[in-house]
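Below you'll find only one chain, the form predicted on its own, shown as structure tokens.
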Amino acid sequence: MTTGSRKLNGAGKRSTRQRALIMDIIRRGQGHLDADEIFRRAREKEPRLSLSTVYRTLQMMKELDLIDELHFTESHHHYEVKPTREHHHLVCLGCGRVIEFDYPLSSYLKKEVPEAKGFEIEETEISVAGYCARCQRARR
């Protein structure tokens, strides 16, 4: 039984084929998929799946702390499996590409930012917007 299935069962929710499929798509997509892309990929395997089911499932998985909902520069949200390590995102304003990067930001804040001293930091969420190398070349 997967962690997701255990959390679903523990919350009184059934682990259905559709829920498992949506979680698998997010996991295999390596995060940063929006609801429409998750829906499109899920419909390839489960043609009767509705968009409202995808949205309800994403909301439930968010509430159960199985996934994170990310807010980048776009108006819609992206989803990724709840990370096991701190990481941050570079977001290209040209093509929309999202690149994860690691940096011990919480540790840095605790040590270097006077206002953070004595403040217990649980998590950080950073996204940096700019242009990837390909979009920089295209802009010249």
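Don't overthink the numbering: it's just position in the shown sequence, from 1. Computed from a predicted structure; not experimentally measured.
One more form of this protein, predicted in complex with another copy of the chain, exists but is not displayed; see below.
At a distance of at most 4.5 angstroms from another copy of the chain in the predicted complex, none of the three residues Glu37, Leu49 and Tyr55 contributes a non-hydrogen atom. Among Val81, Leu33, Val91, Ala42, the residue placing a heavy atom within 4.5 Å of another copy of the chain in the predicted complex is Val91. In the predicted complex, another copy of the chain stays beyond 4.5 Å of every heavy atom belonging to Asp65. At a distance threshold of 4.5 angstroms between non-hydrogen atoms, Cys132 is in contact with another copy of the chain in the predicted complex. The shortest heavy atom separation between Leu109 and another copy of the chain in the predicted complex is within 4.5 Å. Looking at Ser127, you'd find a heavy atom of it within 4.5 angstroms of another copy of the chain in the predicted complex.
If you take 38 to 53 and check each residue for a heavy atom within 4.5 Å of another copy of the chain in the predicted complex, you get nothing at all.
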